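Shown below, as structure tokens, is a lone chain in the form predicted alone; questions about how it binds or moves come after it.
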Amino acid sequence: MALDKPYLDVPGTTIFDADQSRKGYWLNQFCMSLMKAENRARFKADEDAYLAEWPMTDEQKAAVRARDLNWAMRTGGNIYFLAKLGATDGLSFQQMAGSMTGMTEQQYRDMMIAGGRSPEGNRVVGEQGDAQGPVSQSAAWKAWQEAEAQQALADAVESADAAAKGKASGHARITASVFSSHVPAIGAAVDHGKTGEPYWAPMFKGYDFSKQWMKENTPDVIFLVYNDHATNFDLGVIPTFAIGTAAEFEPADEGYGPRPVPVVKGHPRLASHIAQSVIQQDFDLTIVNDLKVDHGLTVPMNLMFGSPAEWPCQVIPFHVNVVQYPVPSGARCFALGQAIRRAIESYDEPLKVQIWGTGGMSHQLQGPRAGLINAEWDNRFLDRLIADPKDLSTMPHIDYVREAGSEGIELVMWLIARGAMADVADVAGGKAPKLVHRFFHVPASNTAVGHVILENQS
């Protein structure tokens, strides 16, 4: 089931959605750079040299050189960003808008003086309005399209061959959920070869089963819910929910230098699809095209995969604000998990997806109550997470704070992963998941460690 994009049949119109944002990220960032006078001067002095500094596609650079705004929008450009390019050339917004219509500047001006373009005949492709003709194109774009058509023909032949050989079709599905603490000291123990020391060995032993299970159940994509620890998001911008849509995510420097772990490979198409679907389900997500990942994401990856040269699957990072109150409620997180499941299951590719909830368990890192651990409460939380997550989702924030410590609120992120499982009635009403593994350990540095693996039953 494809996403609902009713705006695709509006003539002469490009809606800047999550897919466009993903495609056009570096093009639009380049345009933003032209807000600084020194950058405009460098660009004017040597366009090719300046464009070479930006990891844009060859087509995007060609569109910029041609000053073809229609072409630039086709490659992901947004008119508000592209306006910086027009301003660098000394053009007014009216001149830029007119350049995309096929009219002369005077004809466009006359149309606006007469009251502007009428919506009559221009609401749906195929009507008889004055915006229904071919898109105005530069000679450079026409030449590019001719070459592109030849490549498309070759791709079609290759695709037909793949179909003849029985290439799989279908939709993505969530196969399992994984829950784990993401203590930074665990990452330090891995990085410095201390996993076998008496203090650490019992904790890492609890993940031995998990590593073997992951080898046998490696997904195509992991949707990994975590919180940024004042690494990407400072107090200037605090998104409640943010999804990473980039192709790669480098390890962040949290003050000790970046961790020596592989770059995380994203899945931009699925991430953009999830973003669009979830927002259409009335959840407000921040779309992040440039993101570094901290221990909140990389430590669970180490615990489940060890320390490979490359991570064996793609990852979609999903940040939840649990640093500054107000933080999202458990009920909101649980419902969000259901929306994410619907989004994933509507993706037209037979991907195996796991959803991970990370953070917690009980811990407090600040104030005279620092060091708080509540093992009894933690284990009751695990019981309820497995058997009655809907009731667990109604627990108020203050219970987390009083019982699990100020930083124990991270556990609301586990409810996103649990809400995405097949037994949640609001989604699928499927069978209860299979409990594959459960582990609890105290302490890892300042924190209680909890870990659960649940498999969806077909």
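Don't overthink the numbering: it's just position in the shown sequence, from 1. What you see is a predicted model; the values in this text were computed from it and never measured.
What comes next is about the form predicted together with a small molecule, which is not displayed.
Peer 1: From the list H295, R341, H319, H267, which entry has a heavy atom within 4.5 Å of the small molecule in the predicted complex?
Peer 2: In short, H295.
Peer 1: With the small molecule left out of view, which of L365, A201, A97, I238 would have a heavy atom within 4.5 Å of it in the predicted complex?
Peer 2: For this set of options, the contacting one is L365.
Peer 1: To test your reading of this chain, name the stretch in 283-291, 78-86, 142-150, 179-187 whose heavy atoms come within 4.5 Å of the small molecule in the predicted complex.
Peer 2: Every other range fails; the passing one is 179-187.
Peer 1: Residue-level contact is defined here as any heavy atom of the residue lying within 4.5 Å of the small molecule in the predicted complex; does H229 satisfy this criterion?
Peer 2: Output for H229 is yes: heavy atoms within 4.5 Å of the small molecule.
Peer 1: At the 4.5 Å heavy atom threshold, is A444 in contact with the small molecule in the predicted complex?
Peer 2: A444: contacts the small molecule in the predicted complex.
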